[in-house]
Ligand code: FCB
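Only one chain is included here, represented as structure tokens and corresponding to the form predicted on its own.
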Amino acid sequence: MGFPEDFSWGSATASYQIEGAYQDGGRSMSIWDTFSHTPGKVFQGHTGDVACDHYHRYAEDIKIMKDLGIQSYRFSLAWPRIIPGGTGAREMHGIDFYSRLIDALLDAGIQPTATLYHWDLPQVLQDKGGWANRDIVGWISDYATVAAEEFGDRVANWVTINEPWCVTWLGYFFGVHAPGVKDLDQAIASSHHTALAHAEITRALRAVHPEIRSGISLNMTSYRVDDESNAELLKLRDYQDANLNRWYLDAQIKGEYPANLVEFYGDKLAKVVKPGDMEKLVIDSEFLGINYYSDSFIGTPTKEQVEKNAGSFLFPINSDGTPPAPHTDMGWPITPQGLEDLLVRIHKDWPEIEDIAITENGAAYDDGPDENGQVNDERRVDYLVNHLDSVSRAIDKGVPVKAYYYWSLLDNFEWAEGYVKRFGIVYVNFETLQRIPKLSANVYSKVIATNGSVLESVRKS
């Protein structure tokens, strides 16, 4: 077991979750500003107004990364900082902030990986329909051009869109994420527009800097059913797998969407797909980003669940199984074997993908400082070590995993969960904004320093 000599070890964050300074430097409102300021949308009314104040404290955070030996830092650009109107004029205060951040990372020997879109759409564009408006493909392509012109000379690796499934279904159908819409037609339109946008963003980046490496980050999972002999559960698994795992990969590699969903969505999808779109979807990305947290479980539904979900457009029966204990604070099961299985499956089903990065992987636990000011988050250490073991086993089986980014560097604003779910390897006191590297940070530092060879001894200890 081991990792290639050129394996890249990183950590990840997102702009709205850590930056704060939501009205500084000409930044406009994003959909997450609007959503979090709407009563009842986020736990206890928490907002990202201050978050970790990374906007003012980025130098401190870079020093922490350098001390830990972090080799690559995945951060996201805030569209409302760079183009406050969504389209048109650039805001140099925002551009200068990211230039300072990028230069400081490079000075520290840390390679920047920029995510163009990690959910903070300018509110002015949501007012025009957001991701349900086909024009957004052009809007975000123009934004990508600006970002490449300003930062592409120093940032080699780019993520186009982070978790487009969450953008689409959590934001436009279930309504639990910004912009909080609950509309089937808008969700299906957004599914197509995000897939199309990935391809067009890639072309826009390359038009400015042909040497740029880019890919999309997809939240993916391995689905488990309670009863492999149950035909209905297997059908449900196929629908969920198509919706979450296959939609974006089949689009960019094959220029098609899963047949079962095309049939299921019918005219709702057909009316948003224009002539030539399916050909435009095809793009040869330099890498694929995988965000993995746990497997998903599908169980036999109760009578009440069947009645409640009768006629569900998305799944014939929408039923959650019972995931095995223990769970993280998010209620997610701990299933490291699932990551290996997922990586092996991707390599088998989409062999065209020759470079995979784990762009997010982590666990939420509420460990805080003890009487000595230390954060002994042993459960997170176990999660980290076991999932890295899983990545190593996948590499041994020939899966081309080239990078790993732990989520997250800092405890931060965890979207609709506010500040109660802590994913960081660095503890943040949200009243004083003090940073304290946790035990997991120290263990990860040792993993990086030994290129993973210390994993076995850490696991046994």
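In this text the structure is predicted, and so the values were computed from the model without any measurement. Numbers follow the displayed sequence, beginning with 1.
Beyond what is shown, the protein has a form predicted together with this ligand; the following relates to that form.
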Select, from the options 290-298, 153-161, 337-345, 138-146, the stretch whose residues sit within 4.5 angstroms of this ligand in the model of the complex by heavy atom distance.
-> 290-298
According to a 4.5 angstroms non-hydrogen atom cut-off, is Tyr172 in contact with this ligand in the model of the complex?
-> no
Could you confirm whether Phe75 comes within 4.5 Å of this ligand in the model of the complex, counting heavy atoms only?
-> no
Taking heavy atoms and a 4.5 Å cut-off, does His118 contact this ligand in the model of the complex?
-> yes
Give a yes/no on whether Tyr427 approaches this ligand to within 4.5 Å in the model of the complex, heavy atoms considered.
-> no
Hey, with this ligand in the model of the complex, do Tyr16, Glu19 and Tyr55 all fall inside the 4.5 Å heavy atom range?
-> no
Just one of Asp377, Glu360, Glu200, Asp250 has a heavy atom within 4.5 Å of this ligand in the model of the complex. Which one?
-> Glu360
Quick one: name the residues from 422-449 with any non-hydrogen atom within 4.5 angstroms of this ligand in the model of the complex.
-> Phe423
